[in-house]
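There is one chain below, alone, in structure tokens, taken in the form predicted alone.
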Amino acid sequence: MDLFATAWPWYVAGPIIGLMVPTLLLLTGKAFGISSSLKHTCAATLPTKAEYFQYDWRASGLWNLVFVAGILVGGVIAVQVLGGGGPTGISDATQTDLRALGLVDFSGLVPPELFSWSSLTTPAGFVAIVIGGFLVGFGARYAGGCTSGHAIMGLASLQLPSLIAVIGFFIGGLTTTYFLLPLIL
């Protein structure tokens, strides 16, 4: 059980994730990705006539929904059975920078000053949760995939659009970190 209760070093976990991508592609012809599961969920559940959701979601997306369900079940097992879910390892330098912005609680996975039900009614929380969430969701669908899909699958299959998307993700992350976050906090 200790094997699954502790974090694996990057040189073990990284190659395993990296090998999963070509294995999935070679064995099933499926591209690794998570964000398309939202489209499949909407196609399966929404009573709409929108052309975007009119396709055979079982044939093209059922495996993806099962994959996402497996991630959720794995997360519950990791926290409830293996004792995960403790404080996130944040470097002292990053904690110092975040304290300078007014974020002081590092007990969870995300700062509760920005990501909690009570922060939703604050301007900073609204921007981070509602506007940020919309932009991430819209951007993932508009770009044809999210950060993990483009960075793991797209770069592994040498896709130029994925390289451009990943460069855009880094530019967006740096811009948010150094310019937008200090403005909204």
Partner chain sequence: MSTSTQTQSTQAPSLRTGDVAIYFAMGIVFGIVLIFSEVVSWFRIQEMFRFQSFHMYGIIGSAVAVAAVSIQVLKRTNARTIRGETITISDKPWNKGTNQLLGGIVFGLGWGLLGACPGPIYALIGAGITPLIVGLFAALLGALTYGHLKPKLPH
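Residue numbers count along the first chain shown, from 1. Fair warning: this is a prediction, and the values are worked out from it, not measured in the lab. Just so we're on the same page, rigid core means the largest C-alpha set that superposes within 1.5 Å between forms.
Missing here is the form predicted together with its partner chain; even so, the following discussion is about that form.
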Proximity of Thr122 to its partner chain in the predicted bound form, heavy atoms at 4.5 Å: no
In the predicted bound form, Leu183 touching its partner chain (heavy atom, 4.5 Å): no
Contact test in the predicted bound form: Trp63 vs its partner chain, heavy atoms, 4.5 Å: yes
Close approach of Ala44 to its partner chain in the predicted bound form, 4.5 Å, heavy atom: no
Contact set, 103-119 vs its partner chain in the predicted bound form - heavy atom within 4.5 angstroms: Leu103, Asp105, Phe106, Gly108, Leu109, Val110, Pro111, Leu114, Phe115, Ser116, Trp117
Threshold 2 Å Cα movement between the shown form and the other one for Thr177, core superposed: no
Post core alignment: Pro123 C-alpha displaced by 2 Å or more between the shown form and the other one: no
Per-residue C-alpha change between the shown form and the other one, Ala43, threshold 2 Å, rigid core fit: yes
